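There is one chain below, alone, in structure tokens, taken in the form predicted on its own.
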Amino acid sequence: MAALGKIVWVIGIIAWYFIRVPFDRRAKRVRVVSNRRSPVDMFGLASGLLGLAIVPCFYVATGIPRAADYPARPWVLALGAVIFLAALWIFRRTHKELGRNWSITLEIRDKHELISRGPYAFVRHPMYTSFMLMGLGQALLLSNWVAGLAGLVGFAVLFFLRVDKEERMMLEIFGPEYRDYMQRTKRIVPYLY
């Protein structure tokens, strides 16, 4: 049963990669007018990558750390698969809505616009919502306390190191328009936070 969870996780990570690549290529063609990349930003990105990809990939490939394994339950794996699928759907929709505005780091692109449609109509940071859901799905799919929970830890480090900086940057660029948007939406969980 645990092997099935690993297979679903691997398929999900491959899908995540194939969703991101075309948007990354397109975004690189648009001129960056403001770059707020910092060592803290890069540490956050590395933490997210470590928790959501590297640690679980190492576990799936090697089974290490075996001492942290626990029995897989079919209903837990099914729930994990549904949550991971929802994360991928939000991830794709977020990239599609951002289009040429998308960036992996804190950047403002030429002719950048404030997006408030699609998933952005419900939360200001739906890509973080997708990462949070990926972390939760990973915790349910991988029956290992270390590899399973690594995604939620990686997401938390990334989120708490970056979200305030992102919002300050958006306030500088869009001013009252972004402030109004902040009043209408929550950060990553509709109606809650």
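Every value quoted in this text rests on a predicted model; they were computed, and no experiment measured them. A residue's number is simply how far along the shown sequence it sits, counting from 1.
Here the subject shifts to the form predicted together with a small molecule, a form of this protein not shown in this document.
Heavy atoms within 4.5 Å of the small molecule in the predicted bound form: which stretch among 162-170, 143-151, 24-32, 51-59? Looking at the other structure, the answer is 162-170.
Though only this chain appears here, would residue 16 touch the small molecule in the predicted bound form if you measure heavy atom gaps against 4.5 Å? Taking the distances in the predicted bound form, the answer for residue 16 is no, it never comes within 4.5 Å of the small molecule.
Against the small molecule in the predicted bound form, would residue 82 count as a contact residue? Criterion: heavy atoms within 4.5 Å. Contact with the small molecule, no.
Residue 122 near the small molecule in the predicted bound form, any heavy atom under 4.5 Å? No, residue 122 sits far enough from the small molecule in the predicted bound form that none of its heavy atoms falls within 4.5 Å.
Residue 112: touches the small molecule in the predicted bound form, heavy atom cutoff 4.5 angstroms: Looking in the predicted bound form, residue contacts with the small molecule include residue 112, since a heavy atom lies within 4.5 Å.
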